[in-house]
Structures are given as C-alpha cells and as structure tokens.
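Taken one at a time, structure 1 and structure 2 that follow are two forms of one protein chain, written as structure tokens.
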Structure 1
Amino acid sequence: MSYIGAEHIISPLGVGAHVNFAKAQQGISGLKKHEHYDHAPSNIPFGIIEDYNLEKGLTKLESLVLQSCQYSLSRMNDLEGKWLMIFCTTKGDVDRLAAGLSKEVRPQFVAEVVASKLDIQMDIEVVSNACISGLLGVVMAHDYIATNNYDKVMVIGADVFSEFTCRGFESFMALSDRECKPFDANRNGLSLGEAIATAVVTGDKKDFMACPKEVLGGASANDANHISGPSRTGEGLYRSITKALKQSALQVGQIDAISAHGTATRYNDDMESIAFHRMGLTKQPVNSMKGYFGHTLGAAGLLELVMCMQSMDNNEMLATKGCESPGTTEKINVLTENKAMQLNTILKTTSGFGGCNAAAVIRKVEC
C-alpha cells in the first residue's frame, strides 16, 4: 500500500498544484505563440514558463526542480526514514549539448545537483523512458514502498522546452500550427510544453500535511510493434491497463474516470480510443491535459496525475481543452466541458516512443 501527496506543479499556468488546477478549471491554457523566444518558431504555440526565479549558479531546469522539491518537502509532517529520489526526464538539460558533449549534459547531472542542495539525504534513480517516464516513476515509487525498500520517495517529472526537441518534432511534422486539439476530429498534431511536477510517495498517510491519495498500482507494457508509430490495436496500452487493474485489484467498472495521454496527433489518439474500447472503458469520462500544458514529455505522466489528485479534491473532471467535436476510431466519452462528479478512482495512462505504455490507478482517501 502506498500514498501520494505533497504534490506540486510549476508550469506556464503558474506555481502550485492548486493554482494550476484553478486556471485550467477556468479554461485557461498555457499555450501561446512566443514572438521573441530563442529557438521557438514564432508561428507555432508552445507552453513555455516565462516567469521564474533562477537559483544562483543553477540552470532553469535545476532551479525549478529544486524549488518544486523544496515545496513538496515543506508539505510533509514527517521527513524521517530512508529516502529515494526518482528523477524522470526525457532530455534533462539538453540545451547544454549545443556547446559539445560533456558530463553535464547527462540527465542524471540535474538530479545530482538538486539532491546535493536538499536538506535530506536521498538515493537517486533516474528514469529516462520517453513520455511514460513521469508515470513510470510513480509506479516504481509505489513498488519500492510496497516491498519495503524505501520509506519515502520523491518523484520528479521534469522537461524544459529545447531547440533540440522542437526541431526534432518539427522534422516529424508532428507539431500543430495552433493550440493542440486532443481527441478532436480535426486534430492535426501536438503542442510542446514544459513543466516540473513533484510528489512524495510513502506508506503512511499521516506523513502528509494535506490528505494524500492512495496509489493502488500500475504497470508498463511494450507494443512490440513500431518505435515511433502507435500500435493499430493499442496492444501495449491495453496490456498496461489490464495489468494496472490487476495490480490494483479492481474491475473495469470500478474506474470512475480516465486521464488519457491524448497528444492530439491523429494516430496516438486513435490508438488510445481503440485500447479503451477493447478494455470496455467507453462510458467513463476521459480527458487530456495537453490543451492546457502542451506535451511536457517526461513530466507529462506525473503532471497529469497531480491534476487528477486535484480533480479528486474538487470533485470535478476537467474538459479536454481544444476538443470541440470528438472524433476517434472508436467512440469514447471525451469530456468537452468540466464535469462535477464523485471521483473515487482515476486511471492515468501514458504512451511513448519506443512503443512504451504505462497505466496507474489512484484512489481517494478519507483522512
């Protein structure tokens, strides 16, 4: 059994999980065109954090990760015990690569810098598993706690906008020329964003100042099909959801809502609709957070799970911003407006390059 809490977000929408949820609840998006931002094409919207404080001697990514960790630690009643940090990212500080190959370009360097500045000693694990990284980190944290390997785990999901990633997705022709439209019939690609999300996973709900959520379980699975194209049968996502439900000892009917990956590329969203349909998850409300934040890559899974935690506190599943008329291969219940509802269990899913998929289930806790 494990609990997740002390959650925090830094995104273009602002600082703090509550602030981010409140903005999204009002339908505000962090995506916009940037006229004067280095390396961001001015005719395409991106979700870039413009208002932030740099820590002395640290990069933007290191500064924001440190600040987010410090906030999460400040929301714990009890800091005792053996800690692990799981730093989840696709590219770390890849901007450094423009100056050449160096040890500082390695994503683990960011984790080491941040860990050295925290008051608490932590072991470090760095997960770089494409766009499922953030959710995979939570699943790992849950598994480490459940097997008594650690007392407390700080999970971090973090990726910043970079020319490196932007130019790559441009070459794939995967970027939408307007704010992305997840699950919409007229979607035409993703929007890139940046965000930092943190949360702490422990075995005791009393460790947290505010009531945490329970992590019931999660799993990953590969499509075994293609390294960049989504599976036509949604095989890996279907299998990861099946395993996550088994880990959680839940039936399909016990899932109240789904926070999907929903990148707004044609094939990804179709693939997800096929996997949900195969699972019999066609009635449950589904949303994607990409219209508020863009695709935040390694951060996405944790960022969007934190938004699910906020949804539980507010008894409200948010609309899929950008989706006006849902249109996917299989019909699923995409939310186009905010929906007030009881949320005891939420399924969170992610999919990424390399054919990887991850799913996890969280449950509301009475405190």
Structure 2
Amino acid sequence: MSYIGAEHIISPLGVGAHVNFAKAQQGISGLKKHEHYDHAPSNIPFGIIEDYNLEKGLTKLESLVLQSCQYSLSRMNDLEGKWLMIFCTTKGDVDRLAAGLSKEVRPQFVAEVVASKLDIQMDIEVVSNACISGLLGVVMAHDYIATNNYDKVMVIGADVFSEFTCRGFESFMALSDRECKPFDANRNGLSLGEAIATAVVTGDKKDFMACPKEVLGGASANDANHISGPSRTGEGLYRSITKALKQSALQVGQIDAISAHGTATRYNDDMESIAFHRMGLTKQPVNSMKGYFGHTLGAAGLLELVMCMQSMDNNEMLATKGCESPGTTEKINVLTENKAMQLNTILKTTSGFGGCNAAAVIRKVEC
C-alpha cells in the first residue's frame, strides 16, 4: 500500500496544482505562439514557462525542479526516514551541449545538483523512458514503498522546451500548426510544452499535511512495434492496463474515469481507443490534458496524474480541450465538456517512443 500527495506543478498556466487545475477548469490553455523565443518557430504554438525565478548558478530546469521539490517537502508532516529521489525526464539539460558541456547534460547531474540543495539526504535514481517516464516513476515509487526499500520517495517529472526536441518532432512532421486537438476527428499533430511536477509517495497517509490519494497499483509493458510508432492493436497499453487492474484488485467496471495520454497524433489516439475498447473501457469518461499544457514529455505522466488528484478533490473530470468532434478508430467516451461526477478511482495511462506504455490506478481516501 502506498499514498501519493504533497503534489505540485509549475507550468505555463502558473505555479501550484490548485492554480493549474483552476485555470484548466476555466478552459484556459498555456499554448500560444511565441514571437521572440529561441528555437521556437513563430507560426507554431508551444507551452513555454515565461514567468519564473532563476536560482543563483542554476539553469532553468534545475531552478524549477528545486523550487517544486522544496514546495512538496514543505507539505509533509514528517521528513524522517530513508528517502529516494526519482528524477523522470526524457533529456535532462540537453541544450547545454551547444555550450560544449557534456557532464552537465546528464539527467543524473541535474538530480544531484537539486538533491545537494535540499535539507534532507536522498538516494537518486533517474528514469528516462520516453514519455512514460513520469508515470513510470510513480509506479516504481509504489513498488519501493510496498517492498519496504524506502520510507519516502520524491517523484519528479521534468522537461523544458529545447531545440533538440523541437527539431526532432519537426522532422517527424508531428507538430500541429494550431493548438492540439486530442482525440478529435480533425487532429493533425501535437503541441510541445514544458512543465515540472513533483509528488511524494509514502506508506503512511499521516505523513501529509493534506489528504493524499492511494496508489492501488501500476505496471508497464512494451509492444516492441516501432521506434516511434505505437502498436496498431494497442497491445502494450492493453497489457499495462490489465496488469495495473490486477495489482489494484479492481474490475473494469470499478474504474470511474480515465486520464489518457492523448497526444493528438493520428496513430497514438487511435491506438489508445483500440486498447480501451479491448479492455471494455468504452463507457468511462476519458480526457487528455495536452490541450492545456502541450506534450510535456517526461513530465507528462506525473503532471497529468496530479491533475487527476485535483479532479478527485473537486469531483470534476475536465474536458479534453481542443476536442470538438471525437473521431478515433474505436468509439470511446471522450469528454468535450467538464463533467461533475463522483471520482473515487481514476486510471492514468501513458505511451511513448520505443513502444513503451504504463498505467496506474489511484483511489480517493478518507482522512
């Protein structure tokens, strides 16, 4: 058994999980076109954090990760015990390569810099498994707590906008020239974003100042289909969800809602619809957060899980911003408007390059 709480978000929508949820609840998006941002084509919308404070001697990524970690720690009643930091990112500070730096580019280096400035000692692990990294970090934290390897785990999902990823997705012709439209019949590609999300996973809900959520279970599976294309049958995601439900000891009908990956690319959204259809999850409300934040890569899984936690607190599942007319291979229940509903359990899914997939189930708890 494990609990997740002390959550925090820094994104183009603002600072704090509550702030980000409130903005999204109003239908506000952090995506926009940037006229004067290095490496960002001015005719394509991106979700870039423009209002932030740099810590002395630290990069933007290091500064924002440190500030988010400090907030999460400030929301804990008890800091005692053996800690682990799981730093989830797709690329670390990769743009520092342009300045001739190499050691500083490594995600491990970023994590060590941040850990050295915190008031408590933490072991460090890096998870860099494409766009499932953030959610996979939570699944790993749950396993570490359940097996008594650690008392508390700080999970960080972090990626900032870079020329490296922008050029990469441009080469795939995967970037939309408008704000992305996940699951929409007229979707034409994704929007890139940046965000930092943090949360703490422990075995005791009393560790948190505010009521946490319970992590019931999670799993990952690789479909080994293609380096950048998902399985046409949704096999990897299907297996991830199957394992996550088994760990959670839940039946399909006990899932209240689904937070999908929903990138707004043709192949990803169709794959997810096929996997959900195979699972019998076609009635549950489904949303994607990419229309609010863009695709935040290694941060996405944790960022969107934190938004699920906010949905539970507000008993409201948010609309899939940008989706006006759902159109996927299999029909699923994509939310095009905010929906007030009792939310006791939410399934969170992610998928990424290399055929990786992850799923996790969280549940509301009484405090």
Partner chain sequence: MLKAISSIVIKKDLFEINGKSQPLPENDGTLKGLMSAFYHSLNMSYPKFHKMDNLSKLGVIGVELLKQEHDLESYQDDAIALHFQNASASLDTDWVHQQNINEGKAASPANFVYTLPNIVLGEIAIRNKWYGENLFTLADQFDQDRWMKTNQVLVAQNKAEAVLGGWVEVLEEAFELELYFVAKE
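Note that the coordinates shown come from a computational prediction; the quantities given were computed from them, not determined experimentally. Structure 1's sequence is the ruler for residue numbers, which start at 1. Only residues modelled in both forms are compared. For the two forms, the rigid core is made up of the largest set of C-alpha atoms that agree within 1.5 Å on superposition.
Name the structure that is the form predicted alone; the other one isn't. Answer is structure 2, the other one does not fit.
Upon rigid-core superposition, which contiguous segments of at least three residues exhibit Cα shifts of 2 angstroms or more between the two structures? Run found: 99-101, no others.
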